[in-house]
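Next up is one chain by itself, shown in structure tokens, the form predicted on its own.
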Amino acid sequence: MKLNTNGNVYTFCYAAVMVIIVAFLLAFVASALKSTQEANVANDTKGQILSALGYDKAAIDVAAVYAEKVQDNVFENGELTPYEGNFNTTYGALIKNGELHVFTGTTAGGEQAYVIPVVGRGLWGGLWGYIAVNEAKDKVLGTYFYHESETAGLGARISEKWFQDQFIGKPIFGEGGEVALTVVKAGAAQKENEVDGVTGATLTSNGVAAMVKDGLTAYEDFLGGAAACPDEEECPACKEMDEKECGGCDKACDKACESNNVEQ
């Protein structure tokens, strides 16, 4: 019996067989490349962390420098402990669930630093980044920001060095111990903790401002901000407040004294 190659049955069967073969090949290739893809994503994430520390990720061996300069830790129960799990490439869900990763490392200039991951949302999609702070945890040493789908030439410019470098040297907290570092309208930055946004990208700039504030606020217990300040009645060193003294305080207690206008 001669096969009718012009019939509908033949066309349907041929198409079905080709779809199955192509799907199988794509699944096989995806499976074969999965480990390589995951390694590349992890390496890129490490490069972003190193960028916040002032390294040019395009000019270094990212894996080698990260292994030498950076340690992944988790902040829990008031302490930093080395993280022993698999390296994470996204941190939004972890932060939401209270798993706070803090990277300790050395900047390209040789300073000891802490790097904090932050996540947020821009005009069209997700934003993320890393903020390196000094050993005293009160000033920014460097940042790295990127986006999922912001507009090229506008919101996408948050990934450019000129924008990120504006944060260097900026204080994190305001006078009351709250997170005050922020992004304002382009050309409007006047206070020492304000950074100019991107011209023509107000919503993306606002998204970065919210990401920075919310991200650093989530880490206030680690940074020693207002949320970490104990009540004077709970701080042994601050019980002498009636005598206008606050001796032997740690950083959190110092902020508590400042907020109560106590001389130290």
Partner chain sequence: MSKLFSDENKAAFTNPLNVNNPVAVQVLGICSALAVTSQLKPAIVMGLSVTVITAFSNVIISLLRKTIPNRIRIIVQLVVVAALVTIVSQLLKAYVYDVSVQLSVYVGLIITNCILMGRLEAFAMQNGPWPSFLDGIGNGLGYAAILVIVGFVRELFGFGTLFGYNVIPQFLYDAGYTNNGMMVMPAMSLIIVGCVIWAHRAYNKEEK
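Numbering follows the first chain given and starts at 1. Keep in mind that what you see is a predicted model, and the values were worked out from it rather than measured. If you superpose the two forms and keep the largest set of C-alpha atoms that fall within 1.5 Å, you have the rigid core.
Just so you know, the form predicted in complex with the partner chain exists too; it's not on screen, but the next bit is about it.
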- Message: in the predicted complex, does each of 59, 71 and 80 have a heavy atom within 4.5 Å of the partner chain?
- Response: no
- Interface residue in the predicted complex among 136, 188, 152, 93, criterion: non-hydrogen atom within 4.5 angstroms of the partner chain: 152
- Note on the structure: Only one of 156-164, 99-107, 177-185, 113-121 sits within 4.5 Å of the partner chain in the predicted complex by heavy atom distance, namely 156-164
- Answer yes if any heavy atom of residue 148 is within 4.5 Å of a heavy atom of the partner chain in the predicted complex; otherwise answer no. yes
- Message: So, residue 67 and the partner chain: in the predicted complex, are they within 4.5 Å at any heavy atom pair?
- Response: no
- Task: Using the partner position in the predicted complex, report whether residue 41 sits within 4.5 Å of the partner chain, counting heavy atoms only.
- Result: yes
- Task: State yes or no: in the predicted complex, is some non-hydrogen atom of residue 17 no more than 4.5 angstroms from a non-hydrogen atom of the partner chain?
- Result: no
- Heavy atom contacts to the partner chain in the predicted complex at 4.5 Å, residues of 168-205 in sequence order: 199, 200
- Message: Using the rigid core as the reference frame, would you say residue 64 shifts its C-alpha by 2 Å or more between this form and the one not shown?
- Response: no
